[in-house]
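Presented as structure tokens, the chain that follows is alone, the form predicted on its own.
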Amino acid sequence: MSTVYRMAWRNLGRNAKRSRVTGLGLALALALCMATLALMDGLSQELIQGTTEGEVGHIQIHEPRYLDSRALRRSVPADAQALAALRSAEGVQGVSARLYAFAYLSHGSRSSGVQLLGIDPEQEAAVTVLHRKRSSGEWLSAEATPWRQAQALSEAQQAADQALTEAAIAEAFARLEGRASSTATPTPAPSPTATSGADASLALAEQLAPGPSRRPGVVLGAKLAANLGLSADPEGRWGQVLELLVEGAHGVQSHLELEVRGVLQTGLDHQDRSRLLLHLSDLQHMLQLPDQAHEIALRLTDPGQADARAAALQAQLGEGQQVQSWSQLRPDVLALIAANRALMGTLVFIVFLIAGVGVLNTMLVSVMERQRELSLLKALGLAPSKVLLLVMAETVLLCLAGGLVGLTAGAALVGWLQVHGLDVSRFGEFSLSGVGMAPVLRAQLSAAGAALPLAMLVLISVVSALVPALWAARLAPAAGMRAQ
């Protein structure tokens, strides 16, 4: 066996220039494939990291029908005891409760519909990196805005409230009947009695659901702030007052003044155009959902255990709450990663198929040039299987030499891409499956990313060399020795 490999190595050196060109071609193909796979692995890893750290977390808990309806009253308990129990669960690193709502926001003559997201800034930082998306101004204060205490109505106030309600109903029916009898009759101006009644109703409502002691601070999406005509002063401070109209969980509309603390830029157009962040406690007061949340996001110490931890939490919490891992919440992300890997696998196969054609051409030319030599060896007693083995050994040695150079060059190229990355910022911001991606793509080399291209290179090259090897093994000694 060793004699065959020594002969194979010597034969490669007999035409060193051709062997070097073929080997360098194999090395180049291997290095480029390693770099491409490493970039795709890095992109997939960033996609998963962007999904979990951006907003989803590793696990989420909802009321079972909330994600289908987004109804305000479909909430889960988020009091201190419930959140402490989740934080004490095995493998849980952080827990953040969130509330969502839609509202109408205005500033001066400009207005916009917005999505409200209530978070606890400290707890949210333990789950996601949302706070790093702030592009200007300040982040939300960790301290909740103080709200005045609600007071129950006295018997006299309850009687007054009942009288005001009956008077309002009677006035409404009177107006309807008046319009029905004569649509041409102009609408009468509000009477002083009606105005005082409205003021009394507002006073009672303020007593039952009082507002905050100061304006709650909020953070806006960058494009939403621009659409409202907001901008920071020369020193980077904001502080503008916004008007918010929001409907609570019980259908009661409330009006509130907010103060802008800063803006954030997520890179996702729909969030930057419509997202308004405020403290969880403030939104709980606005929606009248004390100690409730629409979503509880969890961060785990080991992301790979997300499915198992979600199943364990589901068994612990029961059917009243729905526990899902990030892969169950975002199957589109997994599908995108699988599609990317399939595409890259196809590309690698095509590259090595072309390299295999090169190996086939090199070995075929080499064998045809040595017809007389191979025929003489067979005439001296070298078995056809040994001839086949000799040609295959030449191919394997050529692949291993090219593979060694390719592995070295590929590792160096991947190392450079890991440190410096591939800057794609010139093409603007982009996202995949609703996940904002970094402007610099960085490679991530794995053992599979190096072993798979090398294995495919050797396999395709060996298969390509079978044709010239079989031709040489079947060569008739007498006919071969007569060849020119």
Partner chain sequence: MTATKPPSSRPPSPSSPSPTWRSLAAPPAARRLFLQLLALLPAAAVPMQLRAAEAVSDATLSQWIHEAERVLRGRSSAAVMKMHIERSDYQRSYDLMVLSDDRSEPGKVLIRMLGPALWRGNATLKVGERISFYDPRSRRITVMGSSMLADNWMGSHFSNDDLMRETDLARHYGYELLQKTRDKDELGRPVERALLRLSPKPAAPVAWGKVEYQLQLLEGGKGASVLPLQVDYFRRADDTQAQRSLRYSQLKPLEGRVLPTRLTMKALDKPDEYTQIDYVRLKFDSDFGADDFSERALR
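The term rigid core refers to the most C-alpha atoms you can superpose between the two forms while keeping them within 1.5 Å. Every value quoted in this text rests on a predicted model; they were computed, and no experiment measured them. Numbering follows the first chain given and starts at 1.
One more form of this protein exists, namely the form predicted in complex with its partner chain; it is left out here, but the text below deals with it.
Heavy atoms within 4.5 Å of its partner chain in the predicted complex: which stretch in 250-258, 264-272, 85-93, 405-413 meets that? The contacting stretch here is 250-258.
Decide if the three candidate residues E369, V396 and A478 all line its partner chain in the predicted complex, where lining means a heavy atom within 4.5 Å. No, because E369, V396 and A478 lack any heavy atom that approaches its partner chain to within 4.5 Å in the predicted complex.
Give a yes or no for E138: in the predicted complex, does one of its heavy atoms lie within 4.5 Å of a heavy atom belonging to its partner chain? Result no; E138 lies far from its partner chain in the predicted complex.
Is R175 one of the residues lying within 4.5 Å of its partner chain in the predicted complex, judged by heavy atom distances? Yes, R175 sits close enough to its partner chain in the predicted complex that at least one of its heavy atoms falls within 4.5 Å.
Could you confirm whether S106 comes within 4.5 Å of its partner chain in the predicted complex, counting heavy atoms only? Yes, S106 sits close enough to its partner chain in the predicted complex that at least one of its heavy atoms falls within 4.5 Å.
So in the predicted complex, does any heavy atom of K386 sit within 4.5 Å of its partner chain? No, K386 stays farther than 4.5 Å from its partner chain in the predicted complex.
Please identify the residue among L382, L204, A308, A126 with any heavy atom within 4.5 Å of its partner chain in the predicted complex. Selected option: L204.
Please tell me which of L334, L164, A144, A232 lies within 4.5 Å of its partner chain in the predicted complex, judged by heavy atoms. By the 4.5 Å criterion, the partner-contacting residue is L164.
So that I can tell if D161 moves, could you say whether its C-alpha shifts by at least 2 Å between this form and the one not shown after the core superposition? Yes, the C-alpha position differs by at least 2 Å between this form and the one not shown.
Taking the rigid core as reference, does the Cα of V129 move 2 Å or more between this form and the one not shown? Superposed on the core, V129 moves its C-alpha less than 2 Å between this form and the one not shown.
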